[in-house]
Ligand SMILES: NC(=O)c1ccc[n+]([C@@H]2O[C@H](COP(=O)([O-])OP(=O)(O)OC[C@H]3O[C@@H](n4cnc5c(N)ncnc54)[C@H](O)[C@@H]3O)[C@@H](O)[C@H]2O)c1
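Next up is one chain by itself, shown in structure tokens, the form predicted alone.
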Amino acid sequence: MRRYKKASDIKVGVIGYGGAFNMGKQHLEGCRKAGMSPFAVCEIDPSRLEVARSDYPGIETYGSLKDMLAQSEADLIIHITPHNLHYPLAAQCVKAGRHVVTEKPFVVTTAEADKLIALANKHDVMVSTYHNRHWDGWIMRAVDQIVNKKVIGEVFRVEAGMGGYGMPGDWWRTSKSISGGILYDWGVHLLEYALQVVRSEVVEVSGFAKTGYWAAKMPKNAPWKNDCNEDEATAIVRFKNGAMINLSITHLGSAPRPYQIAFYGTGGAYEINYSQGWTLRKPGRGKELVEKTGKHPASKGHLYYQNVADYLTGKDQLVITPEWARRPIHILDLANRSAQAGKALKAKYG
């Protein structure tokens, strides 16, 4: 694999400079703060290319990936596109000898992950996905407390979930064929958090889904009416050491969740609410419970691109390897297929 003398030698391109969340600029700024060089933008909307030129005077701009790969010297290409495009576009870049970072989720299916990893090995390039939340303050503290200090003993169950009550939005993330399903957007974050704490191999996954409620209430001309995500979906993951994860994402959540992710162990529980902080619950004498609460440490998501720059300059090992990125995708893929088959499915990758 090609290594670079210094981070500034790494020329960075992004595919997608759309207006939603202004993520194109966010990624290029993250790369620049890590010492890498914003170099090219590929975007199908000409007006957004004008924005990119304004944000980065002199930057190369392209209306198609084909032109970018043919004409640009970008070394690292970041994919900020709908989920179903992650694999086909990333594969084109890898075949052209470019390093690749995809937005989350990595890809949509296990088969796509396998093919992309094989292509990266064949063409000797780096492939990763933007798991910047790997360094969120709440999970960094949880890993330290639960894994290193074992404050709740042996973890045997993880409960995780997001959502509320209401019709999904009018955009591509509502499309099952584009997004992969309701579990993929926030579910991939929650699974990546949980996998940092549960240090065991995945054995099997069971998926459950409620579908059709919101699709039936959409207007006849709604673009996602016949291709709507699940109203609610659940993935139950069983591990070799006996631990389990219960993940649920919903648009039918009538009761608010007190936390987004909670770890239960033989000596207590550790709950994480993103906005309110952490709660440690420990058994006391009789029915008494000892509770401690606190604020989350600051997140350090900038370390993602710092690690990529350090890896490509030979200073460090890659943290978010494609094999690591494949783990939550494999779980989500199995949950999708399990819900359709009505039975648990064995895991190929632990």
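Please read all numbers here as calculations on a predicted model, not as lab measurements. In case it trips you up, residue 1 is the first one in the sequence shown, and so on.
Beyond what is shown, the protein has a form predicted together with the named molecule; the following relates to that form.
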query: Joint contact, Met162, Ala209 and Gly253 to the named molecule in the predicted complex, by non-hydrogen atom at 4.5 Å; finding: no
query: Single option in Asp67, Glu50, Glu323, Asp45 placed near the named molecule in the predicted complex, where near means a heavy atom within 4.5 Å; finding: Asp45
query: Heavy atom within 4.5 Å of the named molecule in the predicted complex - the one residue of Leu85, Val151, Ala243, Val125 that qualifies; finding: Leu85
query: The named molecule in the predicted complex: contacting segment from 69 to 77, 137 to 145, 265 to 273, 185 to 193, heavy atom within 4.5 Å; finding: 185 to 193
query: Interface membership of Asp114, the named molecule in the predicted complex, 4.5 Å heavy atom rule; finding: no
query: Close approach of Ala91 to the named molecule in the predicted complex, 4.5 Å, heavy atom; finding: no
query: Non-hydrogen atom contact Trp214 with the named molecule in the predicted complex at 4.5 angstroms; finding: no
query: Glu103: touches the named molecule in the predicted complex, heavy atom cutoff 4.5 angstroms; finding: yes
query: Members of 107 to 146 lying within 4.5 angstroms of the named molecule, judged by heavy atom, in the predicted complex; finding: Tyr130, Asn132, Arg133
